[in-house]
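Below you'll find only one chain, the form predicted on its own, shown as structure tokens.
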């Protein structure tokens, strides 16, 4: 266990050592146990987290606000379009000034080619930890919750096969930050990681290369497939979700037209039957029901999506307690 993580930014898990991530898991389980038993754990009394949102949120906002309250602190909700951020405040000014008012800054900025750069500019200027609530490249807290869920449901992840797959959705062209963060973290834990997607839905090549290197070091494996059904075969974990073909086109309408070719990429009962009998189905939510996944799967016995969503709360509290205390 690493005992000195105060002041650390969490922008991507790739910048934390495996031992440090193991510490997050240990602390998250301890905080989860304390909440279940009603044991007070106000480790951040009188601390304030500024939460800056450029994109709407349900689970992220609710879990961060609840987590700060349970840790004895306060979370400020700041919406970019209703503040001077929308017409004047720079990333440097946000880091410098809000970093003096508050004890941590959490940001959700998913604009393609902008989000991660903005968060890093704020972090460079801030004197307090900066937490990435999702950007165009990474979604670290979702993936930490995913890891905790796999540890709880499946035990030691080494040697398990996870299928990180594209799935069709009609709602909007979603960021690629979830699959990218998934392949980065799960390859560090010795899993056999399958990345399954149509040819137009590639991930960033540098992220893929990092995942390959992670797999080599952890004695796991990493492969890329383009056959939806093949990704399910004998998998222990199914994580099929939609993302946009952002490396193929910057035009969201064109991306939506391309995705129409893959409307049959839906996780249904037949596909789940291709996986191992005790395979778990995961999704970061919200899912396009009966388009991305059938009700029978997401509400079925193999689904762990609600436990997965709950674990957002516990891993976020762990990182906040470790970095902001």
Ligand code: CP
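Residue numbers count along the first chain shown, from 1. These numbers come from a predicted model, not from an experiment.
Quick note: we don't show the form predicted together with phosphoric acid mono(formamide)ester, though the next part is all about it.
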{"property": "Interface segment, criterion being heavy atoms within 4.5 Å of phosphoric acid mono(formamide)ester in the model of the complex, picked from 24 to 32, 40 to 48, 277 to 285, 253 to 261", "result": "277 to 285"}
{"property": "Phosphoric acid mono(formamide)ester: the contacting residue among 197, 194, 108, 188 in the model of the complex [heavy atom, 4.5 Å]", "result": "108"}
{"property": "Heavy atom within 4.5 Å of phosphoric acid mono(formamide)ester in the model of the complex - the one residue of 142, 132, 214, 149 that qualifies", "result": "142"}
{"property": "Heavy atom of residue 312 within 4.5 Å of phosphoric acid mono(formamide)ester in the model of the complex", "result": "yes"}
{"property": "Contact of residue 57 with phosphoric acid mono(formamide)ester in the model of the complex (heavy atom, 4.5 Å)", "result": "yes"}
